[in-house]
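Below you'll find only one chain, the form predicted on its own, shown as structure tokens.
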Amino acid sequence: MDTRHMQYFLALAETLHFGRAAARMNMSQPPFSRQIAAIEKSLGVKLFERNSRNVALTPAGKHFLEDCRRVLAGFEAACRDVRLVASGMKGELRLAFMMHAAHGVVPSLVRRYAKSRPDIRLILEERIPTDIDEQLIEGRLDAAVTFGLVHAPHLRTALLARDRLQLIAPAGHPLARRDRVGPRDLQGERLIAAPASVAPTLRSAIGIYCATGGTVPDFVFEPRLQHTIIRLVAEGLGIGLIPQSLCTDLGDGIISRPLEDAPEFDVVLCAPVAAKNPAVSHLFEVAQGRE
């Protein structure tokens, strides 16, 4: 018994006429009648009462009619859905992002993508940059918003934004009174920054920036998360150099100041070149303004 047999049964149950039911199935009446008889024999149940004039459903046939309609509707939906998934119109997409990207490009990207692909379930995961790199390689993520990589031939990328470092300091700190801060001004300051094992792009940018002024950075705390850096600065435990995109709502007690010749870095959407999820391609179209 398969869906084809259900369609034979449904044709007769809805027309209650062997000739019209056979025509619906593009068959002549004798082979169609044999199919109905084979269905009843297979089930061991009489589905139709019939005589030379009338065809009627038995109680078992009426019940079977409702079940067949439900099963066939589910089967048609499954066939439709599998085509939609294969075309990237339905399914799910696992997107990771760095914390500071949640303050900038991610909300807009998610809004636009969700509007154009409402049947894609977006699974959003906040991750540190090194975790993002590893999980993309391992195939545990479909795509990510992260820092641009200098050499990553295994990844497809699209530029989303360009960010830059900015100083944050307690409101009473001497550097908070400056209009702009240079690398030499950081000499002897207690710096709070994520370790290179967590955010290598940011840590490298900070190190290079300090070196341009002959300053040796003194890292006193190395939390993993940028929000923790902000909170430690608020407690007066040091100063920080963080992405400018995080400096829009620092709260009371913290001042942000631009840096002279501030290091810039790209924020990109990336995914494996050999991405298996068909929903990824449209995410890039949205990111690049082609949708």
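All residue numbers refer to positions in the sequence shown, first residue = 1. Not measured: the values here are computed from a predicted model.
Not pictured, yet referred to below: the form predicted together with the DNA.
In the predicted bound form, the DNA sits within 4.5 Å of a heavy atom of M27.
The DNA is not drawn, but in the predicted bound form it has a heavy atom within 4.5 Å of R53.
Although the partner is absent here, G253 is not a contact residue: none of its heavy atoms lies within 4.5 angstroms of the DNA in the predicted bound form. The DNA in the predicted bound form is approached by P31, whose closest heavy atom lies within 4.5 angstroms of it.
Stretch 45-53 is the answer when you ask which of 240-248, 225-233, 45-53, 261-269 has residues with heavy atoms within 4.5 Å of the DNA in the predicted bound form. At a distance of at most 4.5 angstroms from the DNA in the predicted bound form, all three residues Y8, G19 and Q35 contribute at least one non-hydrogen atom. Of the residues in 206-245, none comes within 4.5 Å of the DNA in the predicted bound form through any heavy atom.
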